[in-house]
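Below, in structure tokens: the form predicted on its own, a single chain.
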């Protein structure tokens, strides 16, 4: 069993886990964590979890009780260890100071020293180490670099887990900012969100199929999918974006020493006839005009209707070109005002008539998949879909 420390918007992280490992194997543990009961758990694949660990101890009680148990259990576990141990301790759900967490580590260090075992304790500036500290200290990546994740649920249950890694923020930042071609005007899809979108589409399917991004832009979805083992196929209305995607994929393959099949060409998503096969579809659609402040009702209606027309035409064009049960994950626009009210696309309520069904989740509602910063007007709403037989495609017996 594993526990995942979810990201800034935990609904995305738990939805990703549920799609990959099955709704029956994923449950909330606390507001920011989820338990995964699946031996195939692969942290490196994830985009929506900051850290994860293998659960070693399940208990209950106060921090004093839990801290004492950690000292006792790990003194016994490590008392014959010959190599130096680097240890980080991260605590979630307890009302405990960084000083108290550090004190537990120092007592453990002292007791191990008396048996001849050397331990370096990573200092805490908060009760939990931030992801950057865990990543840069390579915690969870070997038996000598350990991070204990101690998580308390609201019902008092406590798990103590040994980390299997922290999100590789260095690599994510490089794929976001060090690429040779970017374009702020068309939007900057974060690589970790692109990775989540691929996982939400793929689900628990064992095969890695050919992925189409019909709005490929600078190629963020394509690069993440390629790194995950997919053949990728990108189209875009803009010749400039195709050049940018080509340059970025070539850069990625050179710098990361990876190879995957890829193909690009210009194409309007409302009319293009795509090459086959297409085994899954992932992409950020047209998001419309960017706004730094909520638009007037008339302007919002104009932009909303234009986006709805373009995306509806795209989905209509795509439907007959993909097989039944083909999975999709699309980012479409939604607009937030200062009161937190969200305006959605009209097509959200007519996906069935366009030939698609919405994938349901056990742990969240589909409308929880709204990705935004607190000050952002145009949000990304993720639609997780499957192609199904539309009314005009059903064959009569």
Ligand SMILES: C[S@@+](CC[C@H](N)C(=O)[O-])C[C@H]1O[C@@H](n2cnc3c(N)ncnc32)[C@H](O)[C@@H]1O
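Numbering follows the first chain given and starts at 1. Since this is a predicted model, take the numbers as computed values, not measurements.
FYI, the form predicted in complex with the named molecule isn't displayed, but the following is about it.
Mark residue 285 yes when one of its heavy atoms lies within 4.5 Å of a heavy atom of the named molecule in the model of the complex, and no otherwise.
Contact check for residue 285: yes, within 4.5 Å of the named molecule in the model of the complex.
When the contact criterion is heavy atoms within 4.5 Å, does residue 73 count as touching the named molecule in the model of the complex?
Heavy-atom contact with the named molecule at 4.5 Å: absent for residue 73.
Contact label in the model of the complex: residue 162 to the named molecule, heavy atom within 4.5 Å:
The answer is no: residue 162 has no heavy atom within 4.5 Å of the named molecule.
is_contact(residue 218, the named molecule) in the model of the complex, heavy atom dist at most 4.5 Å
Close contact exists here: in the model of the complex, residue 218 approaches the named molecule to within 4.5 Å, heavy atoms only.
Spot the stretch among 75 to 83, 147 to 155, 88 to 96, 209 to 217 with residues whose non-hydrogen atoms come within 4.5 Å of the named molecule in the model of the complex.
Of the options, only 209 to 217 has residues within 4.5 Å of the partner.
Identify whether the named molecule in the model of the complex is within 4.5 Å of every residue in the set 189, 237 and 267, based on non-hydrogen atoms.
Heavy-atom distance to the named molecule in the model of the complex: all three under 4.5 Å.
Candidate from 231, 141, 310, 174 lying within 4.5 Å of the named molecule in the model of the complex - any heavy atom
That would be 310.
Tell me, which of 122, 249, 101, 241 has a heavy atom within 4.5 angstroms of the named molecule in the model of the complex?
Looking at 122, 249, 101, 241 one by one, just 241 meets the 4.5 Å heavy-atom criterion.
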